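Only one chain is shown below, in structure tokens, and it's the form predicted alone.
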Amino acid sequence: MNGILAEIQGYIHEKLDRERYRHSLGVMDVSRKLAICHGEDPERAALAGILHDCGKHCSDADAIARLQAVGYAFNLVERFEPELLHGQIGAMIAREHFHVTDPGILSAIACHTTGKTGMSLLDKIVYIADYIEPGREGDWVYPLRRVAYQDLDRCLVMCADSTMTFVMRKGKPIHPDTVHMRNEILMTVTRQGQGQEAE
């Protein structure tokens, strides 16, 4: 695993700017820590974490062309904001360039920006690690970092709320996968809380 991680680090160091490279290393490290905390394979998490933004260097036009070539079904928000496709492109690069075949790792890369319904443990870990890695600054991130090691689902809802608020303030559309993910997880957390109260 160390060999492939070193190869990937070299690739993203070449393809991404310095800040994005450091961010990717931070997400790799936090993904590994969250995996250890929550019972996921830390090496799978590290690999998904280091690869999560490997598609960021692709232009919008290139991303659309590459996904059209494989029959990807774009939604209206992705057509309006093609930057949201970098997770899908990252999964393609992971599979084609680095020969990653683990569907769980590819899924975590693909959905790390928008989330999706039915997220796996690894999906949740990489999504959250992208939010809370050490390079993120601001008072908003501290409660997320604390909750992430206690309750992934509750942290997911907090991350989605933060994303949706940020996107709305910018006057941009919210990806439907984020809305659906947030609602699904929120209802799960609420039901669990009600069950605990009943006990």
Ligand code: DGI
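A residue's number is simply how far along the shown sequence it sits, counting from 1. None of these values were measured; they are calculated from a predicted model.
There is another form of the same protein, the form predicted in complex with 2'-deoxyguanosine-5'-diphosphate (DGI); it is not shown, and what comes next is about it.
**Student:** Given a 4.5 Å cut-off on heavy atoms, tell me which of 34-42, 58-66, 137-145, 162-170 is the interface stretch with 2'-deoxyguanosine-5'-diphosphate (DGI) in the model of the complex.
**Tutor:** Selected stretch: 162-170.
**Student:** Would D102 show up as a contact with 2'-deoxyguanosine-5'-diphosphate (DGI) in the model of the complex if we use heavy atoms at 4.5 Å?
**Tutor:** Residue-level check for D102: no, no contact with 2'-deoxyguanosine-5'-diphosphate (DGI).
**Student:** Taking heavy atoms only, is R20 within 4.5 angstroms of 2'-deoxyguanosine-5'-diphosphate (DGI) in the model of the complex?
**Tutor:** Result yes; R20 sits at the interface with 2'-deoxyguanosine-5'-diphosphate (DGI) in the model of the complex.
**Student:** Using heavy atoms and a 4.5 Å limit, would one call K124 a contact residue for 2'-deoxyguanosine-5'-diphosphate (DGI) in the model of the complex?
**Tutor:** Residue-level check for K124: no, no contact with 2'-deoxyguanosine-5'-diphosphate (DGI).
**Student:** Given that the partner is absent here, does I174 sit within 4.5 Å of 2'-deoxyguanosine-5'-diphosphate (DGI) in the model of the complex, heavy atoms only?
**Tutor:** Yes, contact at 4.5 Å.
**Student:** Can you name the residues of 100-126 that have a heavy atom within 4.5 Å of 2'-deoxyguanosine-5'-diphosphate (DGI) in the model of the complex?
**Tutor:** Going through 100-126 in order - heavy atoms within 4.5 Å of 2'-deoxyguanosine-5'-diphosphate (DGI) in the model of the complex - the hits are H112, T113.
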